[in-house]
Each structure stands twice: as structure tokens, then as C-alpha cells.
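So this first bit is one chain, no partners, the form predicted alone, shown in C-alpha cells.
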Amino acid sequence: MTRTILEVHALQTVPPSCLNRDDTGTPKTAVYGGVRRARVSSQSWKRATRQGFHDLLDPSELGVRTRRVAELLAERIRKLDGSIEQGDAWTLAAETIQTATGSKIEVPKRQSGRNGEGGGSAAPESKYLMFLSAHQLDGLAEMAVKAHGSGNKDYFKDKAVKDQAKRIANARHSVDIALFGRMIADATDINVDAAAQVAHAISVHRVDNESDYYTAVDDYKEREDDDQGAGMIGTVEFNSATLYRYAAVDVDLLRRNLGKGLREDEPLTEPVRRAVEAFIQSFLTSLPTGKINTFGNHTLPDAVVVKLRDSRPISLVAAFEEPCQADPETGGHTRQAAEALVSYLTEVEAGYGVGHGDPAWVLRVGRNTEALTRVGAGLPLPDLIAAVGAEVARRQDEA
């Protein structure tokens, strides 16, 4: 059976920065090809991508991942029925979510004392992050209000009600849930397999972390007898890198996750097209915000290759297993990385007999990325996104 797999490959240079750090504040690294590389975790860039969706999609198409899900649902409950007091709404929300997901929703121990003193001033929370779409929260809020109006304390013990609550929590998934998946430990049957896979971004060359020693001046030290020392001193670790970034989306799984979508007045292919276009744009233009105020490292990829495959995804990271080495006089990694990327892409597709006829689109910036012209004609990002979206819709329409 022919599949539709979307691949996004990108080369992005990042000047001194600390995009993603470990528990000691050190920029993350990894050993690949026998040398240490700069690394940005997939979790970090997936969150940046999800955050980017808020500028591209209607809030009704997105979800919220939080442990404070009872508060979130209680707000909706009180919008539907303002006569329900906040404390009652929290209790009602907790019971509704527990019915739908099997997860315990309780006041955290660290805040349980506040209830005793303030008579219910702390909201219950789930024990782990809960990812629900806007439409799922709306549906559960309507059920909660109905339960409140019934006056039946055993409302949620009815099997039909339990089944309905689970169906609400497992239908009309948002774009972010459909792409990045969801795990509910207490109700694995309503888990959602992620359609998107994002690799840890790694530098195409060797990297050594560096340390910046800094001082901060006390602006109020004006008198001659004031000491001349700094107001504070500190260090921050950083590195700079040319990163290879890669992501793949199983478009067929994305379509199954989205189902018929959220709107009745649009073609079935439209939710998938919109999700794919949003993913490409947000993945390419988003940036993790670690230490962004310190370094201002707002860059965009110089080289992008987008492919649609009909078999399986192929990462091109092996093009950089042997690290790029900058010329000691002229420097620069992008040209060598672009040539290595295109060379490996051509050879791996020829070697395995794949990729022939698979559509590819290219976005490139600067003379150092001329090698990409061997893959496809360059397009500006809006045109590239529209072209990929149209091809995805065409394939889904024929499926």
C-alpha cells in the first residue's frame, strides 16, 4: 500500500547561544561519528513548534497540555452555568475528567493545607500532564453541567455516561495532539500515536562548549568612596553550531488521528492539508527560547529540502557522520554541509532504489547552498508550503 510520508530536512546556523541546556545549565551535546556535537533535543523543538501553531491556527484547532486540567475545565463549566461556585466547578471538573480518563484528579499534597485553612482555595490537578483538545474540553464541560443539573450524585457511575465521557475525550483531536500524540497512563485505549517524528538537531561539525564570564554593574554606585567592584558576577555556557534538523510526518496516520476534522463545511482533505502546512511553517521558523534574551540568536534555516515519500522516512544525518571541517582561513560549514546533504541524498536513494519520482521542494538562502539546486527548484517559504499542501491534499483525495 502506498503511503505518504512528509520529510523536512534543514541546515541552520546558530551563533553563540544556549538553545537547550541540561540540569547544570550546560548546552546539550551528543557524540556522533566519534566527535562531540551541539545538540538540541526533539522535545525542545517540538514545544517551540507547538507554540508556533498559536500564530497559525484557530484556537479551536489546538489543545492544551497541563496538569491543571481541572481548572481549565472548570472555567468552561462556569461559562456554561455561572451559578456554579468555583469550588464546586473544580470538584465537578475533577470528577468528569476522572470518568473520562481514569486518572485521579486531586489537590496536590504541597497545596492540601490551603484547603484546610481557606475552605477550598487550591484546585485539584492531575498527576501527570494531560493533553486535551479545545473541542474535547468543551464536550466534557457540557457533560459536567448536565451532571450538575441532574442532581444525581451517582451520575458518573452510570456505564453509559462513562462510555460517553471516554468517547468525548477520544474524538475530535486537535492538530497538535494529532501530530505529537498523547499518552494517558490510566486509559491507554485513548492514547494517540504521534504522526510526527522529530530528531534531535545536531551540529554537522565538532563542537566544544565555551564559557562566558560576565559582570553586572551596579548603576547606583556613584560616590567616590564606593567600592569599584561589580554588582554581581557569573558565567554562562554556550556554543555555536550549524545544525542538521530533521522531521518526518506520517500523513496517513495524521489523517486517521484528525478524522473528519472539526468543521462540517470543508472537504475531508482540508484538515490534513492545514495541519501539514502549519507543521512545515512552524517547524522551520520556530526556535527554542533558551537564553534567547542573552544571545539574541534569531536565525532561520539557510537550506531546506522537503520531500514526500511513498514508502518510509529516511533521515540524511549520515551525511554528517564524518564531521564537516571549516577551512582555518576562510571558515564556514554551510557550503560543505549542503554539498554533503545533497550528495548523500542522491547516493542513498540510488543505492536503495527509492525516491525516484518523489516530489521535492527546496528553499535556500545564499551562495553556500547552491548544491541544493540539484534537488529541486528553489521556492520562497509561502510558495513551498502551498505546493506541499496541494500535493498532500491531492494524494489524500485519491487515497
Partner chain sequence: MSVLLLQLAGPLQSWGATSRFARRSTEAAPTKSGVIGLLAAALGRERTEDISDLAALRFGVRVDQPGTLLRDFHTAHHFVTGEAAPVSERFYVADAVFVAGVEGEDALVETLRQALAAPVFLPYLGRRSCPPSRPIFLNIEKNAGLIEALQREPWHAARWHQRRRRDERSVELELLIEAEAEDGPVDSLRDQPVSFDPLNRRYRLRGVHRPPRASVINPAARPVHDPFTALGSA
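Positions refer to the first chain, counted from 1. This one's a predicted model, so the numbers in the text were calculated from it and none came from an experiment.
We do not show the form predicted together with its partner chain, though everything after this point is about it.
Peer 1: Just to be sure I understand the contacts: of 360, 30, 365, 56, which is the one whose heavy atoms reach within 4.5 angstroms of its partner chain in the predicted complex?
Peer 2: Exactly one listed residue reaches within 4.5 Å, namely 30.
Peer 1: The chain here is shown without its partner chain. Which stretch in 91 to 99, 282 to 290, 144 to 152, 121 to 129 comes within 4.5 angstroms of it in the predicted complex, by heavy atom distance?
Peer 2: Of the options, only 121 to 129 has residues within 4.5 Å of the partner.
Peer 1: For a quick test of understanding: in the predicted complex, does each of 10, 305 and 328 have a heavy atom within 4.5 Å of its partner chain?
Peer 2: The answer is no: none of the three residues contacts the partner (heavy atom, 4.5 Å cut-off).
Peer 1: Could you confirm whether residue 211 comes within 4.5 Å of its partner chain in the predicted complex, counting heavy atoms only?
Peer 2: No - in the predicted complex, heavy atoms of residue 211 and its partner chain never come within 4.5 Å of each other.
Peer 1: Counting only non-hydrogen atoms and a 4.5 angstroms cut-off, does residue 5 reach its partner chain in the predicted complex?
Peer 2: Looking in the predicted complex, residue contacts with its partner chain include residue 5, since a heavy atom lies within 4.5 Å.
Peer 1: How about residue 238 - does it come within 4.5 Å of its partner chain in the predicted complex, if we only consider non-hydrogen atoms?
Peer 2: Answer no; every heavy atom of residue 238 is more than 4.5 Å from its partner chain in the predicted complex.
Peer 1: Using a 4.5 angstroms cut-off on non-hydrogen atoms, would residue 41 count as touching its partner chain in the predicted complex?
Peer 2: So residue 41 counts as contacting its partner chain.
Peer 1: For the stretch 54 to 75, I need every residue with any heavy atom inside 4.5 Å of its partner chain in the predicted complex, listed N to C.
Peer 2: Going through 54 to 75 in order - heavy atoms within 4.5 Å of its partner chain in the predicted complex - the hits are 54, 64, 65, 66, 67, 68.
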